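Coming up is one lone chain in structure tokens, specifically the form predicted on its own.
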């Protein structure tokens, strides 16, 4: 798949970064403020992982997992549907989260979902797309690339609040292990491209982050129209 363009960039705001950096929260709000389509690519992997579990397949069984690729349909028109079934709520469980991290490391699964992500975002006039490897692999030709990060301590606290879990130390370990797995995997490792703009969300309020990203987008959008 040729994802390069010599001059004109895709009208996509790509937001990347590690787990718990605030990608989903920030991306949704940025998309709403800018009036752009919002695509949560992580939900795609969760949707596929949900199907793996529903079919009683061990997520570590790569051979069996890959067999589902050709028979899976994921849609984002209204919530998240997998093969026509609304799974918007079901994909947010801890079991699906853990399975998603594993199945997303399989080459065939990533290739299938990357094609779906690109076609979905490109079908809109402008899109905010968030997820790991979005800036490096899925949309290297995005008009604007943002890499959100935060300290592991901060991300663990946020995740604990989200899950209603007081065991922050356990979540800290889980996030640390996931960071290592995501950044060292052979297929689409988590990296920050040289042309991505880094934003550290540690200790920052959401409004200031939104303001900063929106300013960046308007600047990039204006420069793109002048090309």
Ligand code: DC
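Residue numbers count along the first chain shown, from 1. Just so it is clear, the structure is predicted and the values come from calculations on it, not from any experiment.
Below, we turn to the form predicted in complex with this ligand, even though it does not appear here.
**Q** Does residue 42 reach this ligand in the predicted bound form if we count a contact as any heavy atom within 4.5 Å?
**A** Answer yes; at least one heavy atom of residue 42 falls within 4.5 Å of this ligand in the predicted bound form.
**Q** In the predicted bound form, does residue 134 have a heavy atom within 4.5 Å of this ligand?
**A** Close contact exists here: in the predicted bound form, residue 134 approaches this ligand to within 4.5 Å, heavy atoms only.
**Q** So, residue 62 and this ligand: in the predicted bound form, are they within 4.5 Å at any heavy atom pair?
**A** No, no contact at 4.5 Å.
**Q** Does any part of residue 178 reach within 4.5 Å of this ligand in the predicted bound form? Heavy atoms only, please.
**A** Residue 178: yes, in contact with this ligand in the predicted bound form.
**Q** For the interface check, one of 140 to 148, 120 to 128, 97 to 105, 80 to 88 should have non-hydrogen atoms within 4.5 Å of this ligand in the predicted bound form; which one?
**A** Every other range fails; the passing one is 97 to 105.
**Q** Which pick from 54, 33, 185, 66 sits with a heavy atom within 4.5 Å of this ligand in the predicted bound form?
**A** After the contact test, the surviving option is 185.
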